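The chain that follows stands alone, in the form predicted alone, written as structure tokens.
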């Protein structure tokens, strides 16, 4: 077994590309090796701002031999009067064998010639150079660049290549570059090239040249150094995961240092100061403790320079942050010169979307939507006033100087300025929270004002943008509509709010059509609703499968199999009417599958559902007394089934949404159904008498409808 090293050296790459490239190689390299009948015991991936590398340990000396089979011409075409024809001779010649090496074999289409050959594996080191080229050129990024006079494209100009099989250089060429055995060390600490003595020595050789190529080790070094610096002043460092991931790929040899700024800047809201540090300067803030009660006048910067000169580097960092904080203080004081409500007229100058008008028009639509939600939730008059005020002021901070400079603070500054303006605390909290959640894993709004206004804001965006025909396509989603729909699902389910989203969606569509009849004529309302239902269906499907871990066929059972074609949207409409009910049904189906109950009721319910399709009973009929002509129920098993269905209807009426109880009723009905279909008591469903036939089809239709309260059993494929 041998070790292979591939290193690609470049100008400084964006941190995000390094992360992406390593993730791509993690999938690409093992799959590519397998495709070439190779495998490595260990695949180690390394990356810094200036290099991407992989070390494959435990590679075999050659590919495994491969047995292949080739199908030739038919025997009829291959021989004439017992002699091989040109077709047979050509087939044998193309494979480098004699006619005698071919075998005859009978297939469904007749007798054909076949050849089995064992292809010996090639030496691994002959294959790796071409694979190395594929792995490098196979990396993808949104933006690639060309340099010099060549046509090679990569994230940044490629400057060197290393390709080693143990200690032997494997020739690999990219443009004008040819692989070698040397690699530059750290740009400042060791700019000279170092010779890599062998593929297995890669990490150690670079570490001796002040380059830590292992991102995991750099991450641990940064964490350790940052917290040690914070502890030196009795503090605790805030280390956001996204910032840490970026900083890891900004340095080759991390050196953390503690910087300071004037305590007078602590009069700024902490969110402003930490945003300047984290988002704009890539610094780590220092708090008094993990509880983050108060910010300390320090920051921690991680540099890529000489560790002995960190103090000099920090002087520059301190000058920069002082200037940034001074600007922020100016913006903050200027913004506080007037109450938040006075900023509302300026929203007329901010365009939300060209065809939809200004942000002021959007705020008006948000207010209307929030009023509809408040009415549906039956909020008290005082609660409605809070929601109304929150909706009015929710976007006012967008035209403040602070948010203009630091867009990440939208909502956060709205809360601060609202409180400073004397607005009720619930209004201030709602302004900030209506943006939540901003991303997966983010906090959810806790106040009813934040929940209501946030849902109204997102519903307006969804309906308006879909109404313009700008639905997301592929990976393109410039208005973040997928994130908006996901956020609504999270807020409704985890609050929980007893909201009928279908009703709200229809009201929003009607309101949009009334306000913009030239954009959405009335006849198009049904089409827009169908598009939005399909879109919501995809979001709900993702939530149930990925977040809750529900099996795909059970999700089909509660949402239908609709993917892109609107088709029958009945189940999606029901889902949006009550998301909590949707979640309970899906989770109960999973539980009943694990318990084995689903497997017991599935066969007979599914059989009844298929037969019921030959009748015409509407899907919403549940009461046997509405459709059964009792005088024509002559067979004992018919009467028993009718009584069982009547008992089930009683349970459904008295215990709506009690799906374990409904499942018990269906399970108790199973023996009656088995007698109905099979055995000495069975009846002919498709009876020649049209009245009896209709009665029996209605019996099955009632069962289908009652079972459908739980799920569409026709699309469930795995019984557990």
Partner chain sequence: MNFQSVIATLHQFWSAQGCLIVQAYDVEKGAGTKSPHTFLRALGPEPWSVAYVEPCRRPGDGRYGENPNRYQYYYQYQVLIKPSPDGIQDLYLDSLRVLGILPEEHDIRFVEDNWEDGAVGAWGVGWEVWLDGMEVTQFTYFQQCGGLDCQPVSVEITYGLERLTMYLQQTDAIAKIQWNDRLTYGDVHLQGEIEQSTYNFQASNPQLLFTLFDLYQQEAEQLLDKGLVTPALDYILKCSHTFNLLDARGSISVTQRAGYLGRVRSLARRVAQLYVQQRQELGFPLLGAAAHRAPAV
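Computed from a predicted structure; not experimentally measured. Residue numbers count along the first chain shown, from 1.
Just so it is clear, the following notes concern the form predicted together with the partner chain, a form of the same protein that is not shown.
Asker: So which of 536, 91, 543, 283 gets a non-hydrogen atom within 4.5 Å of the partner chain in the predicted complex?
Answerer: Result of the distance check: 283.
Asker: Among 105, 293, 71, 146, which has any heavy atom within 4.5 Å of the partner chain in the predicted complex?
Answerer: The residue from 105, 293, 71, 146 that makes the contact is 146.
Asker: Only one of 443 to 451, 463 to 471, 219 to 227, 156 to 164 gets a heavy atom within 4.5 Å of the partner chain in the predicted complex; which is it?
Answerer: Heavy atoms within 4.5 Å of the partner chain in the predicted complex occur in 156 to 164.
Asker: With the partner left out here, check for me: in the predicted complex, does some heavy atom of residue 320 sit within 4.5 Å of the partner chain?
Answerer: Result yes; residue 320 sits at the interface with the partner chain in the predicted complex.
Asker: Determine whether any heavy atom of residue 358 comes within 4.5 Å of a heavy atom of the partner chain in the predicted complex, and answer yes or no.
Answerer: Result yes; residue 358 sits at the interface with the partner chain in the predicted complex.
Asker: Counting only non-hydrogen atoms and a 4.5 angstroms cut-off, does residue 610 reach the partner chain in the predicted complex?
Answerer: Residue 610 lies outside the contact set for the partner chain.
Asker: Even though the partner chain is not shown here, does residue 331 get within 4.5 Å of it in the predicted complex, heavy atoms only?
Answerer: Heavy-atom contact with the partner chain at 4.5 Å: present for residue 331.
Asker: For this chain shown on its own, do 150, 304 and 316 all sit within 4.5 Å of the partner chain in the predicted complex, going by heavy atoms?
Answerer: Contact check passed for all of 150, 304 and 316.
Asker: Would you give me the residues of 1 to 40 that have any heavy atom within 4.5 Å of the partner chain in the predicted complex, in order from first to last?
Answerer: Residues within 4.5 Å: 11, 12, 14.
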